[in-house]
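Here you get one chain, nothing else, as structure tokens; it is the form predicted on its own.
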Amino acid sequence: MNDAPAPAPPADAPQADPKLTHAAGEWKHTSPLLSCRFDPSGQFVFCSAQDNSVQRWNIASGQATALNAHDSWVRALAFNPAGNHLYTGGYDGRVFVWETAAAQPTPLRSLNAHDDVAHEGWVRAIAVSPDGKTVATCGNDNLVRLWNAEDGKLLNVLSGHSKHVYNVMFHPDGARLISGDLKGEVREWDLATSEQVRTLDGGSLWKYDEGFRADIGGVRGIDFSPDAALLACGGISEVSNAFAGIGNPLVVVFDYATGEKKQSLVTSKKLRGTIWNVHCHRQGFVIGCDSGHEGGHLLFWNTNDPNEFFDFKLPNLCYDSDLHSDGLRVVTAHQDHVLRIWRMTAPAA
């Protein structure tokens, strides 16, 4: 997730209504898509693909521009609050910094811990602090690393997770960092001391399959509510077959002040899928991007009810989503090579 809060909308701005969700644009690439993000200005939408590229689409013109540097799939995409820099993290362990709107994009620099990589193994997620000065990365080496955004130098390493770290996010106050791992452990770090403050229990997002001797789960999506009172973590639960990835989508919502679970957001139908990303909308509802054996879905919940109030069926499997700064549009990245934008208002006449 991007950590800079979206600007408050004008008082007369249109309100989102998930039940009015409809197609508002799409672009097709040449290979399956993995992740997607709107840039903070809302001018561009970026996605990564299985051809190891990152694609930038101009939303108004539909013009596509390729960003090529990684030797692997890219899962992690994040922007600084100013929106002029994009960070990309790949399964090659590398993190590159790009000028967001460059006509001919080439990396400005890379973040290197050693041997030209930021992490040993996959880089799972990237976050940038609200003041834009610090970058956090995490990955399959069970570590969170902190970097100086200005020169790319390594500042600190946060260790303590026993499994792959799937997600990181700065608290809106910039003083704390949240990280979530494969076992559903959600850790809070004090950035002034680099000490772990507490652990929140998201264990329902993980299972060890005795038959296949494999862990499955993880904090696949993470987001704060706009007032930072709630923290939502999404993934898969009640796994019956780790090899086939059969389980049920779940979002665990924590009361952030107490660290206690406030709600477990489930689905009224057994969708046998995974929440790949989660967004706390400024109007108070939660959006989950689900994909699995029943296809792709955008799921919408109120946090006072465990069951979704709306299930929007997507045309294909979906492995990531992002919420536009206008609060009205959602982008989804699909296995059928298509990037799709959805608008949560009545269609224009």
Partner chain sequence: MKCQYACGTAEHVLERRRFLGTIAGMAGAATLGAPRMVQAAMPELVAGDKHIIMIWLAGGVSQLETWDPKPKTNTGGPFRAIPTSVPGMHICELLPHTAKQMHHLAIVRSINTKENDHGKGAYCMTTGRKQEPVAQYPHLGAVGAKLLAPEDSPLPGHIHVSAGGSGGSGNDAAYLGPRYSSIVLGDGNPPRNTALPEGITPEADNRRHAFRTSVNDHFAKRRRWAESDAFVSSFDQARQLMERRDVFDVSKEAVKDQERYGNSEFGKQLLLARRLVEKGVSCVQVTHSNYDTHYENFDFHIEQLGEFDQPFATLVADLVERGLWDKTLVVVMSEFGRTPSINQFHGRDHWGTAWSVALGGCGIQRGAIIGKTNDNGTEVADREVDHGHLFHTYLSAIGVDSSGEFDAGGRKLPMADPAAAPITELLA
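Owing to the predicted nature of the structure, the values given are computational and were not obtained by experimental measurement. Numbering follows the first chain given and starts at 1.
The next section is about a form of this same protein that is not shown, the form predicted together with its partner chain.
- Think of it this way: in the model of the complex, its partner chain has a heavy atom of just one of Leu155, Ala82, Ala229, Ala244 within 4.5 Å, and the residue is Ala244.
- Put simply, of Phe254, Phe224, Trp73, Trp98 only one has a heavy atom within 4.5 Å of its partner chain in the model of the complex, and it is Trp73.
- Proximity of Trp147 to its partner chain in the model of the complex falls outside the 4.5 Å heavy atom cutoff.
- Its partner chain is not shown here, but in the model of the complex it comes within 4.5 Å of a heavy atom of Gly292.
- Interface membership of Asn167, defined by any non-hydrogen atom within 4.5 Å of its partner chain in the model of the complex, is ruled out.
- When its partner chain is considered in the model of the complex, Trp276 lines it closely, a heavy atom lying within 4.5 Å.
- The chain is drawn here without its partner chain; in the model of the complex, the stretch among 87 to 95, 127 to 135, 262 to 270, 168 to 176 whose residues come within 4.5 Å of it by any heavy atom is 87 to 95.
- Not one of Thr21, Phe38 and Phe312 is positioned with any heavy atom within 4.5 Å of its partner chain in the model of the complex.
- Contacts between stretch 128 to 147 and its partner chain, counted in the model of the complex as any heavy atom lying within 4.5 Å, involve Asn140 alone.
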